[in-house]
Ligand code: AMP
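The chain below stands alone and is given in structure tokens; this is the form predicted on its own.
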């Protein structure tokens, strides 16, 4: 069976047509589903990427390459893909210098060093001279060296947390989100090396046509991300209560005020932060607002 492992960047270069924008995305893993959802929310229609190496976007000159997450930076660096969506930590691990076009705000994690509970180390400096197990050897070695910490790297491909228990290493460096996995394996953090999230990276050199296509796609994706951060809030109020309501609303701009058929009544519309909605509603109600309605925002271009 043919998989992405059997295809080199040069093989992918034969797919598709010249002049179309190519974007590389993960074919599996925790980033795949939110990335596909983001692309679809931006209006891109394409086949299931988990079952195909290559997907053509309908009604847009865009092709999607579905590859291993670890290979995305290489595909962009080699010029096979114009854009790639991957974790920022993987750029450090791949040791490639690519411009970040857009940070996506999901897939957040951190590369952290941890030791067994009984270990005396309390900081990154205390790791000097120890054996460190990690599936991110280039990142761990470089980021520790930048802090003046020299270690012996023990490369492992999985189950990093059990390495100290098995006697393979004194400590570990691994990706952490909540930290629960460390606790379950009797480990505690001693220092953070890197913060990461999903990002879109781009090639260093562009021809004008592809750059224009990339900017259009990035604008569409940015509008979706901006829309996810806000809600559209609508309410009715008496004109006498308007000053108090306007003082509460923290919207992007002044709220829209629309006269209603009933004398002295107005409709108030505003865009507010999603995280603020739950605290705003009771305050607005107390200020005289009625008929409050919260609506999702599909896309937002400030």
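Numbering follows the first chain given and starts at 1. Here the structure is a predicted model, which is why all the values come from computation and not from measurement.
One more form of this protein, predicted in complex with the named molecule, exists but is not displayed; see below.
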Stretch from 208-216, 88-96, 71-79, 222-230 whose residues place a heavy atom within 4.5 Å of the named molecule in the predicted bound form:
88-96
Could you check which residue among 107, 164, 202, 191 gets a heavy atom within 4.5 Å of the named molecule in the predicted bound form?
107
Which residue, 182, 121, 175, 153, is the contact with the named molecule in the predicted bound form, using a 4.5 Å heavy atom cutoff?
175
With the cut-off set at 4.5 Å between non-hydrogen atoms, does residue 31 touch the named molecule in the predicted bound form?
yes
Using a 4.5 Å heavy atom cut-off, state whether residue 139 contacts the named molecule in the predicted bound form.
no
Within 35-51, the residues having any heavy atom within 4.5 Å of the named molecule in the predicted bound form are none
